[in-house]
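Take a look at this single chain in structure tokens; it is the form predicted on its own.
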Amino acid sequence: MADIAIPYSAVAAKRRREGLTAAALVGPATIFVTFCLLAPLVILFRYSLNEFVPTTKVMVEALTPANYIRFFTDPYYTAILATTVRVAVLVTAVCLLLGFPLAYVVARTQSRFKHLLIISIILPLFVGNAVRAAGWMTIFGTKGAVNATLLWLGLIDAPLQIMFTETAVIIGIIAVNLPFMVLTLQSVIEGIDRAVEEAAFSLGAPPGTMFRRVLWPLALPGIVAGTILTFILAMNAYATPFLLGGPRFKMMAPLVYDQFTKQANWPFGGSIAFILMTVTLLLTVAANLLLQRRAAR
């Protein structure tokens, strides 16, 4: 029995050493996330339960859900939340629709210029969102490229109002988020053996059936990851809605900024921030479960 116990104790000691090593490696990142992310969120949530005196712009310590009740009972704020969700869903759907074919081409191409295609997708990420939004402003403006071209062709008699509309915001956010969708899908599609697709074609499956029965289920992990990433980025977009939407078009992130800076209402701003985070997480989890359930069928 002693001879048998020695190897087990050695294995247990080795596992303990491996566990300590893993803890030592993960520990610094865990501490960093705890103090730099979770701690500020806890403080912000505590602020969201305080009261605010508009006349003096002073935050008074309290424990009241009044800020959350105010948000959900005011049609102005609930309409902003609905607009944010609608824009995020549309952006995510368009990014998936446009990004999947591009990701498939990049993943399956055998060209020696493949690295140039990947660089062309990554390159826009080196430009800040505010700079890209400013570029769209020069295109969508009254005297921008779109209106100037349409007027020159004689297709319109007066400039179109493209700036400061929801359409401009959606186009701008799509341009920001599309590379994330393409890169996520491309990495997953590259891991799918092409022989599986060829086997489906050899069995008589048309391209649509192959896509629906073979490629889509196998690429589902990348689809889920890409849609979640794109949706979260769209829900929390700030620079693009602020610059392309103008003062009249409101989304949740600019609304949070306005409450903290212009109104100095930290309790209400904190409640809006937590509502945005909660709605984003709930919709993300619901969409993930729905996609996984459909894939299981």
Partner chain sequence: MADLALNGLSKHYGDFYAVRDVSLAIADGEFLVLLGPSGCGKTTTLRMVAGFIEPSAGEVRLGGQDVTLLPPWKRNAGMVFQSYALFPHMTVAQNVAFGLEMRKLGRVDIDQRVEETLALVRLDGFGGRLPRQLSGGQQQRVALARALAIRPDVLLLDEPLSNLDAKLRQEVRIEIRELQRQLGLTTVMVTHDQEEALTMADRLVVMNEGAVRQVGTQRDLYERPADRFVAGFVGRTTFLGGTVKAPGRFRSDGGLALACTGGRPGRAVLSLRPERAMVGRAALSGLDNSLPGTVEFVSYLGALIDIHVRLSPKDRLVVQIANRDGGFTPEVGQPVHVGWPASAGQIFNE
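Positions refer to the first chain, counted from 1. Note that this is a predicted model, so its numbers are computed, not measured.
The same protein also exists as the form predicted together with its partner chain; that form is not shown, yet it is the one meant from here on.
*Within 4.5 Å of its partner chain in the model of the complex, heavy atoms considered, which of P206, P124, P75, P101?*
Only one option qualifies, and that one is P206.
*Consider the chain as shown here, without its partner, and state which of V214, M137, I189, I171 has a heavy atom within 4.5 Å of its partner chain in the model of the complex.*
None of the others qualify; the residue that does is V214.
*Although its partner chain is absent from this view, report whether A200 comes within 4.5 Å of it in the model of the complex, heavy atoms only.*
Yes, A200 lies within 4.5 Å of its partner chain in the model of the complex.
_in the model of the complex, is there a heavy atom of its partner chain that lies within 4.5 Å of any heavy atom of V94, even though the partner is absent here?_
V94: no, not in contact with its partner chain in the model of the complex.
*Contact between A195 and its partner chain in the model of the complex at 4.5 Å, heavy atoms?*
Yes.
*Contact between L218 and its partner chain in the model of the complex at 4.5 Å, heavy atoms?*
Close contact exists here: in the model of the complex, L218 approaches its partner chain to within 4.5 Å, heavy atoms only.
_Stretch in contact, per heavy atom within 4.5 angstroms of its partner chain in the model of the complex, of 221-229, 80-88, 147-155, 206-214_ = This holds for exactly one stretch, 206-214.
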